[in-house]
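Given as structure tokens, the chain that follows is alone and in the form predicted on its own.
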């Protein structure tokens, strides 16, 4: 491979790594928050552009451990575009300790670097190292929030995040060791070929199910969900928005690669996934009904959305994987739209209760529109991406005969509409007290306006013209399943 071909194939990663180096140098100076945020925005835009330019690149790098293909390049576009929205959403990060605001942007960028590497990692060691790079950067961002009296400690959230993460990763590594012991290789493509004759053995099934544990943790699937509402509540609004969005796509990437090893189908694997999907939807939606804190509501609803995503994997085919990836990609835009509103409604970075959204349509029409689109999409109402995402997941599961699970999912979607509409009612049909700070207009900077418009367009466009996007995702998923056979 020539140098120019290598640069083209590795272009998004090179831009991000170069940006991380620049941010590291900026962070060494004093009062560097403004320069760090500007640099992070520029790096995000350049990395998104680089992902578009490298969209059709194909290569096998680093002795076969790193694969650049349609699947990975599509995901890099999602990661870099989503990260740019998070940086624009972050504003002046006033909720972060003043002395480490520049470092905050550095760790944000490193978390994205890890996710981008996950997209192309096709070897177990590379996959685990990439996941850990992203996870540790996120863990370090959680305790960076300013201390406040009467507010649950961010340190407690960080400890919960890392403790549950360590336990889940330990189980995942244990399962991967099973798979390595059975196949004698760490290359996923070779492992896929060798494990096919052994798919009926208890050892192979146990290895696969244990290896899924790290994914369950990232997706906040029941019973790996305990960290979710507390971390959402304890982390700053911007950090919670990042944790709630991009890592879930990274988890789906890993899940697609590992679940491909179980194709064309294993009854035990399908049964376990079905139980976890149903339990996550029920638990998340029922607990979300009683929440008054908007971030905790999104945390519990995120558990339910993890269950919805598992519907695609219950099918254990390319259509199901593509549906799960399409839904999770749309979920990134949906949940980021909600967190943009939270970060801008929040006064001095404190958490936002649902009651704080009262009269939002009078304070900022753009924020109110962003909230409306994001919440309606999360509820699964047409014509937004949430509706088409749920429809494609239900179709994939129904095609494989999982009628009971589909009925459970539909009933849960009906329950979710109630608490999502409660948020809309507060923003549009309840007035804030006259003369209070809650009734003052919210002034948005250019970055926040751009983030709102981009997210609204993404949520609507993915819902109105889903076929083009689903076909693109299905083509990219085919790269993975073919490589695993």
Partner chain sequence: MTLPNPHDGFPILSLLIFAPLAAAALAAVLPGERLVRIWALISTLSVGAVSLMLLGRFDAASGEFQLVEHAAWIPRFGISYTLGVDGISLLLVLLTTLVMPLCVLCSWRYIATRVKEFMVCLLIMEAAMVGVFTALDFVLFFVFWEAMLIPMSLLIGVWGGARRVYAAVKFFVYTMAGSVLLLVAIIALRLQVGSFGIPETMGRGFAPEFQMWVFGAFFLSFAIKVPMFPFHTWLPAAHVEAPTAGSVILASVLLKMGTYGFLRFCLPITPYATEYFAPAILWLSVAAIVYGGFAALAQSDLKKLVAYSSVGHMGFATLGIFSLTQQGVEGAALVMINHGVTTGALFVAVGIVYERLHTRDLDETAGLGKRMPILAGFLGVFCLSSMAFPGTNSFIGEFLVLAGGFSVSKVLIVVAVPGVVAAAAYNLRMLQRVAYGGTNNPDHGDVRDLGAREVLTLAPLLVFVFWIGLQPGPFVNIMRASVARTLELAQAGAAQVAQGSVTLP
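What you are looking at is a predicted structure, and each value in this text was computed from that prediction instead of being measured. Positions refer to the first chain, counted from 1.
Here the subject shifts to the form predicted in complex with its partner chain, a form of this protein not shown in this document.
Proximity of 365, 417 and 421 to its partner chain in the model of the complex is complete: all three residues have a non-hydrogen atom within 4.5 angstroms. Of the heavy atoms in residue 466, some are within 4.5 Å of its partner chain in the model of the complex. A residue is said to contact a partner when one of its heavy atoms sits within 4.5 Å of a partner heavy atom; residue 329 fails this definition for its partner chain in the model of the complex, lying far away.
Among heavy atoms of residue 384, some come within 4.5 Å of its partner chain in the model of the complex. Residue contact check for residue 187: none of its heavy atoms lie within 4.5 Å of its partner chain in the model of the complex. With its partner chain omitted here, the record of contacts in the model of the complex names 404 to 412 of 404 to 412, 225 to 233, 336 to 344, 100 to 108, defined by a heavy atom within 4.5 Å. When its partner chain is considered in the model of the complex, only one residue from 146, 361, 194, 160 comes within 4.5 Å through any heavy atom, namely 361. Checked against its partner chain in the model of the complex, the candidates 398, 129, 369, 355 yield a single residue with a heavy atom inside 4.5 Å, and that residue is 398.
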